[in-house]
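Next up: just one chain, as structure tokens, the form predicted on its own.
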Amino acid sequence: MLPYHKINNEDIAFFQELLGKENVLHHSSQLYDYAHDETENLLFYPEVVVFPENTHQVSELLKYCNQLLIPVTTRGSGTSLSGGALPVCGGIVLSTRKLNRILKIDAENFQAIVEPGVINYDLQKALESYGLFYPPDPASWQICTIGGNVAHASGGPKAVKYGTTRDYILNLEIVLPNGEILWTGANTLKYSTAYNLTHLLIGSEGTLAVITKIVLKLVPKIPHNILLLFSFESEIDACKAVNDLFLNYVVPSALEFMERDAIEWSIKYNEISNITINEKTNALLLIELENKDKEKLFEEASYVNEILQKYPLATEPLMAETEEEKNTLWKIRRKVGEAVKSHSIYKEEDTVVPRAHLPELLKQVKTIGKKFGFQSVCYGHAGDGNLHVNIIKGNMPDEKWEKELPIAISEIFEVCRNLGGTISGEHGIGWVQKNYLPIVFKPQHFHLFSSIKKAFDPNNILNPNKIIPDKW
């Protein structure tokens, strides 16, 4: 691979002519916000940040960069937790901020066509007047983009009932590194026409092409919901309760797990004073139920309460009926990551196992924590077996943190593999997880991955040094 081209004044002049001066940032004082995402404290400065406004501009930009070997890292809102938006080789950050239009809402076919910079929350609000709903809703839904969600195959609380982003993408308009513009499939609910390029692009983290339009599948919005917060004496009991619900034919629209520390840190961080936790509580389940019929909704809530009566602290759940009460509980859950980050230096691992093995995964995480001397705060999507493990540095010496923690993380990932799971459920691989991939993949996998990358991006300009490990 030839060395990447260092951007010069002639290049900047080309970008300004193509995009307009207002859409090109290149002064050092303007670049900090694009040198990091939400992954730990990593910092990689780009040389230039650009804001294309249409597919043609993306095409011309990529064609130019491909010819000169300029790295291009596509960025949405920068909420990645795996280093996916970090320009680790410098070059250009291609922001989708101005590719932010909802192009069409097709209520008859339950579809929407959007550009990648559309904010998840803004789409949700736009769909309300149509009585439609786009289920994937990551914790950062108020600021994350649909394009970023596609790039990471994001999930969210609603995945337990509705599935992840992967289940709602019908078709993609993409620009290849040589500037060629393609649609990957068709706007149909069924697709059995040769290789499925759409699904290959979902989760590819901007390493194969730049996505410029997205065709989404929508569903009818169920009008009524209720939130229940159940307490448990042990984390293991809370995890076991998840299967109790499914075995009794209850399919919640959200089913979230939080350890005591997770909810207490979030309550404090968000300055919420009207929720208290029983002193015997060590874990909680946040359960959302929905129904078009309010009476049936409350009947189901009563049934859930009956199922969980065998757990002593679950006999008196907190019930949120008003929008204000629901928003408070969701704020606590969605802000746990921010609360942990404000408390200490940390690393977050996005583990996932078959749902019934969640209690064993949690048990093993705690055992590994004792072995290596770290505290962990765990929470996540219990209904999917997706556990976010926040490893807290606290007072751990820097040398031990740097040298021993990767070994501990490897052991956690080996547990996931042995339980039939894998090392990321929704955060992706990006920069920080790539060198753990040999735990779950064989060299032949990486031969295939490398071949796919080369077929799409022979000059390796798109988000280079991501996903594929350094050694395999």
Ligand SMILES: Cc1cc2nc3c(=O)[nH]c(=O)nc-3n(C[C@H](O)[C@H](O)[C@H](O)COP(=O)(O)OP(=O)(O)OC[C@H]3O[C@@H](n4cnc5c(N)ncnc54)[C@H](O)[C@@H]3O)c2cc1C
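Fair warning: this is a prediction, and the values are worked out from it, not measured in the lab. In case it trips you up, residue 1 is the first one in the sequence shown, and so on.
In what follows, reference is made to the form predicted together with this ligand, a form of this protein that is not presented.
**Student:** If you check Val215, Ala139, Leu289, Val160 against this ligand in the model of the complex, which one has a heavy atom within 4.5 Å?
**Tutor:** None of the other options qualify; the answer is Ala139.
**Student:** Looking at Leu362, Cys144, Val353, Ala112 here, can you tell me which has any non-hydrogen atom within 4.5 angstroms of this ligand in the model of the complex?
**Tutor:** Here the answer is residue option Cys144.
**Student:** Which among 219-227, 315-323, 273-281, 145-153 is in contact with this ligand in the model of the complex, heavy atoms within 4.5 angstroms?
**Tutor:** Stretch 145-153 is the one.
**Student:** Thinking of Glu38, Thr74 and Leu81 as one candidate spot, does this ligand come within 4.5 Å of a heavy atom in every one of them in the model of the complex?
**Tutor:** The answer is yes: all three residues contact the partner (heavy atom, 4.5 Å cut-off).
**Student:** Using a 4.5 angstroms cut-off on non-hydrogen atoms, would Glu426 count as touching this ligand in the model of the complex?
**Tutor:** Yes, contact at 4.5 Å.
**Student:** Looking in the model of the complex, any heavy atom of Val389 within 4.5 Å of this ligand?
**Tutor:** Close contact is absent here: in the model of the complex, Val389 is far from this ligand, nothing within 4.5 Å, heavy atoms only.
**Student:** Against this ligand in the model of the complex, would Glu205 count as a contact residue? Criterion: heavy atoms within 4.5 Å.
**Tutor:** Within the cut-off, so yes.
**Student:** My question is simply whether Pro116 lines the interface with this ligand in the model of the complex - judged by any non-hydrogen atom within 4.5 Å.
**Tutor:** Because a heavy atom of Pro116 falls inside 4.5 Å of this ligand in the model of the complex, the answer is yes.
**Student:** For the stretch 205-233, return the residues whose heavy atoms include at least one within 4.5 Å of this ligand in the model of the complex, in the order they occur.
**Tutor:** Residues within 4.5 Å: Glu205, Gly206, Ala209, Val210, Ile211.
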